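Coming up is one lone chain in structure tokens, specifically the form predicted on its own.
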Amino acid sequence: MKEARDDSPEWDIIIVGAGPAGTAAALETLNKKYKVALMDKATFPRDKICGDALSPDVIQQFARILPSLAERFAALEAKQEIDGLRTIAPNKKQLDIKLNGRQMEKGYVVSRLDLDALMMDEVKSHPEIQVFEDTEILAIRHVGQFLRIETSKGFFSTRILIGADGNHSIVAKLLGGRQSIDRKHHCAAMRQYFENVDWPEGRSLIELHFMNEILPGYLWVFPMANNRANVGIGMLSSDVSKRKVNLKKVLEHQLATHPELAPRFANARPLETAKGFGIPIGSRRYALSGKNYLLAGDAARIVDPLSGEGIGNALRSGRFAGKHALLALEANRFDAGFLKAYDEKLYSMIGDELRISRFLQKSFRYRGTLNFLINLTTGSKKFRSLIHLLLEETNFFTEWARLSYYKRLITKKRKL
């Protein structure tokens, strides 16, 4: 490929990273008559280490992005429907919370291998978006009003760049000056796939096991299609370092000795060795934009601090980044001041939720707090009814941290 001339950009928008955030951003640009490129250093399909759980919020966003994407997901066979959540406190008390049974309010477990391939296939079905796989970013620099990007496939120029390239974002590093990971706002995790796990009560619940050794983190067991399970463990990186926790050994020990888990894994077969990954949680605010660029998904560090769920916010940030890139093109404004409106928009939607999740995460490092809350919920019919009522509301997964949401809820339903 010939080097692009510095005074003539080849692309209006370039998106780096083809996970949920990057593909969502690309799909937001359709039918706008702009030249859009989506790049990724991998070739799809490819595995992505993750918990693989999709909340109802994720399913609802598929429909908002494109009806064809929602239809593609509905037809996907390799997905496990989830009816609710089981939380097990350190004192072994458990709380089951069921989701509403309506179609758009169901949860699923889908491997990122399948999910990301599905979204990439949707992008590839639209020829106006050009996809560059196996393309690694090597350098980025400003040239006048444009960005000049050196890649393993040659040189590109663009007026606006969306960095959706994950936890170790090269876009954030080269354009945003991001340095090393802040362990106080980052989680370390391990994931391992198994088959033939025993599910004595069925495969409809995802499980979070809070254990003394890893508070404020947890061990998860998620059922998957085809008799598989996603099993993992996550903990705040600063605590892992301070307490010298070997997450792999803790995971192995718990699966072998935990009174509830050990019998269920007695005949299970691991499908891989445990694989480590990092989770950039949104427990502090970061700059999400600058001259000629926006950050989305894990590159924006907006994973929920309590649950570790990041796909919902990845899709949301990708959608907003795509829309704001179009606004910048229409206004012919690519300066940091104009693009900062993206930061403000995204944090106005998710900032309260991230703050409250951070508060709960810090509270949950104490086993007494968790034991108390689980005891309260399981022992109080009224409190348990409130939890179920909240989870039945369509907007709960996007508005649960807003005070106005509860005011409306109380006004709407005064009796539990």
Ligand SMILES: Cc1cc2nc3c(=O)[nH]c(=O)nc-3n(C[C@H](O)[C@H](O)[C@H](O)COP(=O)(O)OP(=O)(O)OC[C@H]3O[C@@H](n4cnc5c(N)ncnc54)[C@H](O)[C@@H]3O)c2cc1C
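Just count from 1 along the sequence shown to find any residue number. In this text, all values refer to a predicted model and were calculated from it rather than measured experimentally.
Below, we refer to the form predicted together with the named molecule, which is not included among the displayed structures.
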Quiz item: Just one of Ile279, Leu261, Leu147, Leu339 has a heavy atom within 4.5 Å of the named molecule in the predicted complex. Which one?
Solution: Ile279
Exercise. Answer with one of Ala229, Ala314, Ile160, Leu288: the residue that has a non-hydrogen atom within 4.5 Å of the named molecule in the predicted complex.
Key: Ala314
Quiz prompt | Interface stretch in the predicted complex with the named molecule - options 64-72, 48-56, 26-34, 344-352, non-hydrogen atom within 4.5 Å | solution = 48-56
Quiz item: At 4.5 angstroms, heavy atoms only, are Gly166, Ile170 and Glu309 all close to the named molecule in the predicted complex?
Solution: yes
Quiz item: Given that the partner is absent here, does Ala42 sit within 4.5 Å of the named molecule in the predicted complex, heavy atoms only?
Solution: yes
Quiz item: Is Asp116 close to the named molecule in the predicted complex, meaning a heavy atom pair under 4.5 Å apart or at it?
Solution: yes
Quiz item: Is Ser237 a contact residue for the named molecule in the predicted complex, using a 4.5 Å heavy atom cut-off?
Solution: no
Quiz item: Heavy atom to heavy atom, is Gln80 within 4.5 Å of the named molecule in the predicted complex?
Solution: no
Quiz item: Judged by heavy atom distances of 4.5 Å or less, which residues of 120-156 approach the named molecule in the predicted complex?
Solution: Thr135, Glu136, Ile137
